[in-house]
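In structure tokens, the next block holds one chain alone, the form predicted alone.
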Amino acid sequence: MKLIMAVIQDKDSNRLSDALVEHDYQATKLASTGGFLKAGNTTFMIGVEDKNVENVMTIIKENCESREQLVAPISPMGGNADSYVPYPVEVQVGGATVFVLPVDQFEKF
């Protein structure tokens, strides 16, 4: 058995949740916050048998797309202003960061 932990952007959360339910996978959703953009994320914990890992990974890939987004930079407060860019920059957001971990024991009460 494996535990799949997928950190995704909040915008993709409902779509992924619906797709997992449609394919009869159960997941636990946790609210989380990203470091770089300080934007809301959702972390999914999905327990699956080894044979289903690739299927769940495909569902995640299909429902969590990377996209470009304009981000307004934060002005440096007392920092070095030499590297400060005063106009919005385009960054890649979305997608998923996925960890697949072995599970030694699973109990459901």
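Heads up: residue numbers just count along the shown sequence, starting at 1. This structure is a prediction, so every number in the text was calculated from the model and none was measured.
The discussion below concerns the form predicted in complex with a further copy of the same chain, not included here.
Using heavy atoms and a 4.5 Å limit, would one call Asn52 a contact residue for a further copy of the same chain in the predicted complex?
No, Asn52 stays farther than 4.5 Å from a further copy of the same chain in the predicted complex.
I'd like to know if Gly95 sits close to a further copy of the same chain in the predicted complex, meaning any non-hydrogen atom pair within 4.5 angstroms.
Flag for Gly95 set to yes.
Partner contacts for 1-19, taking a further copy of the same chain in the predicted complex and a 4.5 Å heavy atom cut-off:
Going through 1-19 in order - heavy atoms within 4.5 Å of a further copy of the same chain in the predicted complex - the hits are Met1, Lys2, Leu3, Met5, Val7, Ser17.
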